[in-house]
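Just the one chain here, laid out as structure tokens, in the form predicted alone.
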């Protein structure tokens, strides 16, 4: 049973806290998942933020929670647990002593959530230590990205490790908190129908895509330094790849799960030198139309026409082990794409012999589609006879498990899940330092190769699916990017 704890959010008045963390904790409160006596301390770097805090977090909750979730009475009760405090993280002054006095009069269990730039992780941990706030049961949660390459990531991790043991460091990737991602493990390891068909003998290839319709969203400075490869591939996409490709852990403990994920990262075929040219695509969006509205290009949004930062990445990756020999994993992510989606597509091999004549239609491969956003669902694409026609016509149909339909009270909140796991000292869905290092070791040679002029990002129109080269990456393998909505719509059209 979860014990009462103090949850300290450094960056408590920031965008992440207002959009995700506090609404997530409110959901936990409404669900009865917060034990009595919990205190949530929002650390503000300006004194004005303290005086306006309750009004600001209420307004943010009303904006980011659905209309039926926000209840004025419940929010009022929840807000009694929330206490804003003034503190400049980088200055070791009397306000740190005031924080210490407040915490020492509270709960033994402490979670420090660093919703701040990684550059202050080390100094924050140092000041926590100097004021005696780190106990054996204290945990620290750190946001990605951890560094900009292996060296900087190791430096940041080493700074944190001076004050916290590895077992008390929770590196968060919110995609791992999505219920559908967790259900992927249950799907694989509890259903023989899938686990017996989960290798190179049955699977043709795997696609993992995260597409966004938004542009910079006020993150211009950070994003232009990072780019899509660092911001999305190094963490989100590689973590999803690990969950798809990992072997079954001997038991569902944090150490066992992390060990299997690490094996996958270490089995990734290196992309170095000329291999980067043949297996990766960089893109940068130009002006176009998204959701019926004209939007500017990246350089216009940024206000810098010299930037070569990529806003789109496509990669063909291989895992060199017995299970996945010669099975390509296609990774894709981009901003200002045609629609917002995050999907894992497992495409199975074609049947060995088609008994139907060509006139019956083209056979579509079986696919397992795990959708993470905008809704969370699992779909299996199979071929069926069109029952509305007398003659035999084959069309693709979806066997659909939509969690919102199946579980009437299902509300997906990855941050809520992960914050409660951190409070419960369960690191299963968090990332080990060795995973971070292994991911950067694979990414760094790609970054290095992209510094050459021939790897300048290719333009793609906002509202499209990325540069033509991304499609050619798969066409050359006689494959194509899968978009389930378009496939099923095409099947309906063909059926008419």
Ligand code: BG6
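Numbering follows the first chain given and starts at 1. Keep in mind that what you see is a predicted model, and the values were worked out from it rather than measured.
This protein has a second form, the form predicted together with the named molecule, left out of what is shown; the following refers to that one.
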Within 4.5 Å of the named molecule in the predicted bound form, do 174, 178 and 217 each have at least one heavy atom?
yes
Tell me, which of 313, 344, 141, 232 has a heavy atom within 4.5 angstroms of the named molecule in the predicted bound form?
232
Of 127, 367, 279, 236, the only residue with a heavy atom within 4.5 Å of the named molecule in the predicted bound form is 236
Tell me which of 302-310, 359-367, 217-225, 249-257 has residues with heavy atoms within 4.5 angstroms of the named molecule in the predicted bound form?
217-225
How about residue 416: is it within 4.5 Å of the named molecule in the predicted bound form, going by heavy atoms?
no
Quick check on residue 212: any heavy atom within 4.5 Å of the named molecule in the predicted bound form?
yes
Indicate whether residue 74 is a 4.5 Å heavy atom neighbour of the named molecule in the predicted bound form.
no
Taking 4.5 angstroms as the cut-off for heavy atoms, does residue 110 touch the named molecule in the predicted bound form?
no
For the heavy atom contacts within 4.5 Å of the named molecule in the predicted bound form, list the residues of 363-385 involved, in sequence order.
373
